[in-house]
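The chain below stands alone and is given in structure tokens; this is the form predicted alone.
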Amino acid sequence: MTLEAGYDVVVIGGGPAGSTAATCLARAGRRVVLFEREPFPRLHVGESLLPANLPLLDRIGVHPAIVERGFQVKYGATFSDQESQLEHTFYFARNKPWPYYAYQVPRAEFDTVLLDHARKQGVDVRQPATVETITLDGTGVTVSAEEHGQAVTLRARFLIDASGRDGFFASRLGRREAIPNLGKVALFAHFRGAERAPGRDEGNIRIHLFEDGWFWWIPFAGDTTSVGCVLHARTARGRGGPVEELFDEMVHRCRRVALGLGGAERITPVKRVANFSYVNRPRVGDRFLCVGDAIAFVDPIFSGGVYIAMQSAELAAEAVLPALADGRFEAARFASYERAVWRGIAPFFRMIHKYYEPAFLELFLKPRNYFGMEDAVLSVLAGGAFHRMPWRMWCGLELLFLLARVNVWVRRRAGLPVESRLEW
């Protein structure tokens, strides 16, 4: 077994976060090696991008390859609640630092494009290759891995954990904290022949809230649609029988989804993903930092997963490059990176918690642009929280949350339910 040396950064994981971080570093002239354990393409959740993704795709030079694939364009998102029968479509705003549209992307294709682009930028991609151990010391990082059945050991100056939901650092050297009341399970599959909205709305993501959870409905280019159900973990726990039976049962309980799949054919197995919301620690340290789902994962109602992964990866590269230049890798210098990531993620956490409260949902699905409230919501839905949003937008969000608290009192006086639907 030969010790390979000379790398600046080793990246664990070849999903959007890992590919983006590696690409940014390689384009800056750094020598990067990336380990990805799975062969691509592979089915994955998180198939809806945000408008703020597109300028990022431009910055890393991959946008032309994405356009060439002809992915479905989406101009907004439709949210509906079966219990209250409220529904609203939000269209992304124009005249923002990001476009007024985004893409719906089968992750099997999208992730492959990103990883191939990283290779073209000079990243040494090892795939399939599984990292087994890492050792951090005062002069660098030692990584031991298995690649095509052979043992590989290499040295680098820094490590980026982009291992996604597996959380390499959290599972071996840190800890994972479940987010209270956001313990969810997702069941999803792809369908052919599902219902399509007419005209400009064809590509919009649809979110259908019902008594047992909520469904996503993501139309891809052509005639394929991703349909997934997110339900409380205890609803699925202890259920016998095939996972397809539970998925079909949930479909029948959600009228909009059952109607839309009336003449459709399922073309993939039903996949199950558990432990849907968590926060990992540590997120930064001496000679390492984490990006994307290796930091945290939130309930995906607002489609933030891929954008959070890629934006945190770009921020990580910006933090690591000066460290490589001056040779200082102590954890304290990456504190600003950690703060920047949490500043971007925090509005998603807050909106998701509130979304399950009837008093907030009622206002959300009957929006009014008083003092910029709707504009603020649209900015969060587009991914704008990672940007420096004007104070007027932050005030609009705070006003929305304040009115939701007032609406709790109004609904309680009227004898209407006010309890959060987080705990189905």
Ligand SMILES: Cc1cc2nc3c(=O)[nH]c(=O)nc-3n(C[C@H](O)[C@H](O)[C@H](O)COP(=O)(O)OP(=O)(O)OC[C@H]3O[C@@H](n4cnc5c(N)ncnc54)[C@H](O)[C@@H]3O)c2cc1C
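What you are looking at is a predicted structure, and each value in this text was computed from that prediction instead of being measured. We number the residues from 1 along the sequence you see.
What comes next is about the form predicted in complex with this ligand, which does not appear here.
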item: This ligand contact in the predicted bound form: Val45, any heavy atom under 4.5 Å; value: yes
item: 4.5 angstroms heavy atom contact with this ligand in the predicted bound form for Ile218; value: yes
item: Arg59: touches this ligand in the predicted bound form, heavy atom cutoff 4.5 angstroms; value: no
item: Contact of Phe288 with this ligand in the predicted bound form (heavy atom, 4.5 Å); value: no
item: The unique member of Gln72, Ser80, Asn204, Ser303 whose heavy atoms fall within 4.5 Å of this ligand in the predicted bound form; value: Ser303
item: One residue of Ile352, Ala319, Ala156, Val131 in contact with this ligand, assessed in the predicted bound form (non-hydrogen atom, 4.5 angstroms); value: Val131
item: Partner-facing stretch of 247 to 255, 116 to 124, 161 to 169, 82 to 90, counted where any non-hydrogen atom is within 4.5 angstroms of this ligand in the predicted bound form; value: 161 to 169
